[in-house]
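Before any questions on how it binds or moves, here is one chain, the form predicted on its own, in structure tokens.
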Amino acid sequence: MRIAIIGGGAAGFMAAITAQSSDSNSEVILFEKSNKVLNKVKISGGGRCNVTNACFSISELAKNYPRGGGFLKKAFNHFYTKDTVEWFEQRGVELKKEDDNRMFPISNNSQTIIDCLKSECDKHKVSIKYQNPVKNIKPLENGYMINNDVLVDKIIIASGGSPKIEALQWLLDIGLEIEKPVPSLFTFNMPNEDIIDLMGVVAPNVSVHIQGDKLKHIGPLLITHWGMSGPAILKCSAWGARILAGKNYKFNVQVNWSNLNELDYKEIIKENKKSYRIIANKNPFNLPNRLWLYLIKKIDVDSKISWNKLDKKSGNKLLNVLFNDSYQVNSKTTFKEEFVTCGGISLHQINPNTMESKIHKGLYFCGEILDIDGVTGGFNFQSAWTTGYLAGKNSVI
């Protein structure tokens, strides 16, 4: 059995290792178009590699995928987060859980994961061909021809997400259906908003709503020198990938800074109006001090007055800026580290239990080439490990 893996990322390596270790008599060849492998593993999580998430309920785990959750729910029954942790631990790489459930190697270094995957490939004698881009594949009666000169029995495609459908023409040419790719997991650019002067400030529990749509998500919000980022923003960009692309990334974002309802805000403001303390020095909404002072200034309230001097009009302005603040977004920023594609091979063409194409026998898919993407937190890597494992295991059966 001769199996070709196309793509040297997380999913491709998992597929190659699983296939070769499941049948040592098979010949597994991994084709990588560049001179490096596992680039995304290297830079992910700020160089620490967010391997997976400590969510050990399959039904809850599947809810973290804007696209592909139902498909993955079936796949996770074969290999999910618990299996990922055990897979790495069996190979000497222990993972640790952080407060937000993200899991990293205890070394805090992505090179640990890279070394583990490369070592497994060496151990099982997986052949890696660098600077070998695959430009076309041709289905034959018994197997496939790659680039018109390499004959294989089966192919596992793990070529990653592509920002443009034109780059996937080689797959369209063999009759595969592809959902148009658009970016997911991106930050919001706000060049005309002076809140960017607060770069580095994190509001711990914010509700973010895209005006004009039902998109609404909760979590920490990071103010950057270009706009807004953090889990609340990234979740909105993931779940709203197609909606925001349709708006050409120009829209208003509504921010509820403490994720309270209107009545709660009113009650807290009313209670604090009994205080003789200076407004600038008494922040009852669990906000960073720089952000608190910014919001007070934004509504033209004197930060040096005491709470008991706050008049009704100023109280209403404070309520509004806390509960219903608004900022104009003009574009997006996508980083290599977080780059994820919404779109790819349409899932109705793939068997979720094996990752095999329903159109071409012996052709498998795994990783971001599929129309699957998760929110931030280790979910995209988990999808890669799961689909890579299943593609590898079933390719040798």
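Note that residue numbering begins at 1 and tracks the sequence as displayed. Keep in mind the model is a prediction, meaning the values are calculated, not measured.
Heads up, the form predicted together with a small molecule isn't pictured, but that's what we're talking about next.
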Just one of 66-74, 324-332, 31-39, 349-357 has residues with a heavy atom within 4.5 Å of the small molecule in the model of the complex, so point it out.
31-39
Between the options Ala54, Ile58, Ile345, Ile43, which residue brings a heavy atom to within 4.5 Å of the small molecule in the model of the complex?
Ile43
Listed residue that, although the small molecule is not shown, lies within 4.5 Å of it in the model of the complex (heavy atoms), from Val182, Leu198, Met190, Val134:
Val134
I'd like to check something about Trp87: if you look in the model of the complex, is any of its heavy atoms closer than or equal to 4.5 Å to a heavy atom of the small molecule?
no
Test of understanding: in the model of the complex, would Tyr294 fall inside 4.5 Å of the small molecule by heavy atoms?
no
4.5 Å heavy atom contact, Leu363 and the small molecule in the model of the complex:
no
Mark Phe379 yes when one of its heavy atoms lies within 4.5 Å of a heavy atom of the small molecule in the model of the complex, and no otherwise.
yes
